[in-house]
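Listed next as structure tokens is one chain, alone, in the form predicted alone.
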Amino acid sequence: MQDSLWQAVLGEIELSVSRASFVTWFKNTRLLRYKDEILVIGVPNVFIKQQLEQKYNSLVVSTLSKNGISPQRVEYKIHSGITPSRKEEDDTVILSDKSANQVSSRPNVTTLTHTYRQGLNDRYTFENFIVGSGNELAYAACQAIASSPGTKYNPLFVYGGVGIGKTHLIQAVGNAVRGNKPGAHVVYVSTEQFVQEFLDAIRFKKNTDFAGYYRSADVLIIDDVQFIAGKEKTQEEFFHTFNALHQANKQIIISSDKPPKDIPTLEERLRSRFAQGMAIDMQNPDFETRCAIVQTKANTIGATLPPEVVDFLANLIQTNIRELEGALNQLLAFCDMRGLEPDIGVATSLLGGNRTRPKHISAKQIVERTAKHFQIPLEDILGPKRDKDIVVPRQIAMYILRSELHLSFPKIARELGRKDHTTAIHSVEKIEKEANYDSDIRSAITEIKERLYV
């Protein structure tokens, strides 16, 4: 019970902090004891203990409360049984005058920039990645890269919304490459970590070590590259790293929440290099994929869910896989602590609340929200104007009326001030097709829908 409870808490905390912070301060913790209203959390060292006590204690307490646990006091205890995994140790490389094969996780001045390097997560593999219509192209490209890195799709640039599986997929490439070639130097790093390590390298005069580490990679995987925008010195360093690796036919894999052309304050020379390989848009998982994710995750931890609970969770959270898994963990932990079966009644009571969508959204609200999103007057979207900046929002409004309210085409035409329902048919079909390859249209549809239900 303690393990499942703490995993549920960690799952929610992971959604609340950056990936680097989670890996650094939370990943290697465990729940040691909950007795006499005192909850004891085991941590591997004094640095993590101090950080959790001083900075993250309120987050831990509030997340415990959400999962039905309200201790009078939370204590953090250094526990010798907690050590980083072997994989993480292998990724904590000393960049100093010592041998490149030496490994250390002990923080000191010469290794400070690498004490929080997270490395690859063993759980992220191709075998447990759920493939659906929104990610099948990215999945196929990543598998091709894993079998022959550096020979095709280089660089691979994967982009899409938050929590749709980008990190899982690109790390699966790294794990597969290591499995195929145990001696391969695979480097996975978040952009936040890359920036911090670069700053530390400057501070401690370790620029050569920093450059040598990244430019010796056989496969470089950098996550959330949009955070490099606006950081001129870091962009320059990454530019040279990119060139060195690409010239040596080493594989580069990059993820972002938007395509290269849409990353603000990104240097043009980087923008062009990001786009010179293959850029793939990962889309939100469809209903069937979300159901498969819920079932697979539940089976992994030995839980059995009724079909109606799977459907409920898949409908509850439609755009973020991490939130979907978090909701599942919360439900299973709640049931485990109370000896309940995870049926639809418990799921609705625990997770329903204000997270469920209201039952009644009017056609007028959809049209108004669409006009507001595109910052155009309501009378224009309802009027006769045929300018492109009016026509496209009008067509999107028709598409949402059809997909959300399932209105008839004549009814859709009337709601948008059109007399001929064939206009509605054409508009809906056009947006359906363009949403498959136009990320701007798809993003607009997603944002409009989300804002309808808040």
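Keep in mind that this is a model prediction, so the values were computed, not measured. Start at 1 and count along the sequence shown; that's the residue number.
A second form of this protein, the form predicted together with adenosine-5'-diphosphate, is not displayed here; the remarks below concern that form.
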Within a 4.5 Å heavy atom cut-off, is residue 79 in contact with adenosine-5'-diphosphate in the predicted bound form?
no
Can you check whether residue 325 is within 4.5 Å of adenosine-5'-diphosphate in the predicted bound form, heavy atom basis?
yes
Test of understanding: in the predicted bound form, would residue 273 fall inside 4.5 Å of adenosine-5'-diphosphate by heavy atoms?
no
Would you classify residue 251 as touching adenosine-5'-diphosphate in the predicted bound form, given a 4.5 Å non-hydrogen atom cut-off?
no
Can you say which of 127-135, 375-383, 308-316, 203-211 gets within 4.5 Å of adenosine-5'-diphosphate in the predicted bound form, counting heavy atoms only?
127-135
Counting non-hydrogen atoms within 4.5 angstroms of adenosine-5'-diphosphate in the predicted bound form, say which of 367, 187, 293, 146 makes the cut.
293
Looking at 178, 246, 297, 231 here, can you tell me which has any non-hydrogen atom within 4.5 angstroms of adenosine-5'-diphosphate in the predicted bound form?
297
Checking a candidate spot here: are 123, 162 and 165 all in contact with adenosine-5'-diphosphate in the predicted bound form (at least one heavy atom each within 4.5 Å)?
yes
Using the arrangement in the predicted bound form, list in sequence order the residues of 44-72 with any heavy atom within 4.5 angstroms of adenosine-5'-diphosphate.
none
